[in-house]
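Only one chain is given next, in structure tokens, and it is the form predicted on its own.
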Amino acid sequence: MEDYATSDDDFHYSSDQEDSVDAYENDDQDYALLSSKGPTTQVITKESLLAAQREDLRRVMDMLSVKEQHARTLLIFHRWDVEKLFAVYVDKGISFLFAEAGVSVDEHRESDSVASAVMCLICMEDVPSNELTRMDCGHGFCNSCWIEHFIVKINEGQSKRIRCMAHKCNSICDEAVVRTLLSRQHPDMAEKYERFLLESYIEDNKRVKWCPSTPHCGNAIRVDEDELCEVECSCGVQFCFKCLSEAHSPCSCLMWELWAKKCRDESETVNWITVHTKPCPKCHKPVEKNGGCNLVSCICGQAFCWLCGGATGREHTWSSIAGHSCGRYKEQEKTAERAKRDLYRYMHYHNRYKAHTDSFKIESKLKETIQGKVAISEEKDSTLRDYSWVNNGLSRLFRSRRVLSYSYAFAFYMFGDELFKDEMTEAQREIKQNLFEDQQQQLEANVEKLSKILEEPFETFSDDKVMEIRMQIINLSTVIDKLCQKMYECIENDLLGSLHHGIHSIAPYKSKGIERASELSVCWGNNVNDTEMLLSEKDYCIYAASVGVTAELDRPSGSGSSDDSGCSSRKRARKEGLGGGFFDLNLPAEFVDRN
């Protein structure tokens, strides 16, 4: 059997490794047990968005004993970070917490029925007392002025925090009043206001972000732990949660942004600018020559010589420029050599990055081929019945190939002069580069061996030969997993960890690959207290009608499957022809105001 180890010591399989082999083949079962604590990422759909928002609202309402509108105002101000909100409450008190967020808990809505008419201090008109509305802060103006104020703020995108019109008043307007006044004359603006309030849970929440899929799937992802992670939406898109780009570890977000920009296909434009223009010595903008004279002028007013690019005066003849001579040859070999070296260095890393990316695309087509091979093998009269090791090996190949591809983009910036020129000496750079490249080459060699073995026509082999291939794939997959983990540890601790500026961080390595987010369920409690804390059945029916979905209510006592907490596990079907908008919400006032 060939040697697939990554060191000088031979890696042989023996009967003592049966336990590790069984553990590898039962990977998925073990992972399910480890994940029983609960998912760290969740998919928020249109159906579950309201339930997710009310979950945080209820926590604040119970802790501070405030109304739902005040809890929402506090959460929007603190970007839906409940822990940060509670920390401010503990450190600086509730008065500071309310004043900072613009919450007025002391209602000053005394009746103006004594006076038949009251003057509005905005339009300076006398209006009947029943057409004047006061906010919690005590300031009252006529309904017409309030409505115009609300419409302006909503159109300006400030509907989530509409302040009182009074001078130097920082109080946030009561959302129930905003909803009531707008719904009388402008129901479309009231609907827009409701939608903005609901979407603020995603737009202003650092733990929740929209899936960057194109076309958009309509889902959002919520992470419960560190936002520096890579996630997979239920639509199948894998992305970096921090920068919303494609999953790119072991590159940091800044490295990947620079690399993607550098690799973007703009070569023709760059070539044309290089050939037909010269940079202005003053403003450095490219200037195109449109005449026969070698004295050219930039739009900034600077005159310069077209032959050498040097700044000059404007006095000139057809053959010469006053006070300027550039006919003598000047040695520029150092600059040319540096440019040539930088180009070759980029080509080295880009060619290997692209090679592994292309290999990943080609190997992705292996899945159907291997499934066919497995089907043929299972039909044979063989003692070997379990072929899960084939799929496990293929999954390991995909993950390690992706890591290898992005590792070359990481190395280009880690050991270049663009980002870390002043962070390391030349000696330190050389030591770290040798350390990283040794691990990279070991991983690369084993990945290529695994790819070769998976392409073998094992469906035509004897049982003994299949068992030999099985052990090779299992051993290689284990070695590759350890090498990937070792590379990530090297990057985090020895390379990026030693830098003075900690702006470069990478998503942690996960042996099972990028975690697929689970769908957030809409739950109903089994008792009165649980029902108060979670979304009630009536509330969900109203919400489901507003977003255009069919609400199939699975109660714990019904035929539908559910868990002990009463959370339905059945997916709710979307109603065709409805919900054409992103969030077509028009919730009645009694629904939102209910506490």
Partner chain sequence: MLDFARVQKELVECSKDAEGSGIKVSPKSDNLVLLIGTIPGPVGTPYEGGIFQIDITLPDGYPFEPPKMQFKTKVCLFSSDHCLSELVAVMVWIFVWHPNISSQSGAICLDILKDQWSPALTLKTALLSVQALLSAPQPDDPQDAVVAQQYLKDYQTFVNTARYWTESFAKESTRGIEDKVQKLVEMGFPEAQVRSVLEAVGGDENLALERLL
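Residue numbers count along the first chain shown, from 1. In this text, all values refer to a predicted model and were calculated from it rather than measured experimentally.
Missing here is the form predicted together with its partner chain; even so, the following discussion is about that form.
Colleague: When you measure heavy atoms, are C145, E148 and R163 every one within 4.5 angstroms of its partner chain in the predicted complex?
Modeller: Heavy-atom distance to its partner chain in the predicted complex: all three under 4.5 Å.
Colleague: With the partner removed from view, which of 74-82, 453-461, 166-174, 181-189 is the stretch that lies within 4.5 Å of its partner chain in the predicted complex, judged by heavy atom distances?
Modeller: Result of the contact check: 166-174.
Colleague: Can you pick the one in C300, L343, A322, C123 that has a heavy atom within 4.5 Å of its partner chain in the predicted complex?
Modeller: Partner contact (heavy atom, 4.5 Å) among the options: C123.
Colleague: Between V152, C235, L254, A260, only one gets a heavy atom within 4.5 angstroms of its partner chain in the predicted complex; which residue is that?
Modeller: Contact check passes for V152.
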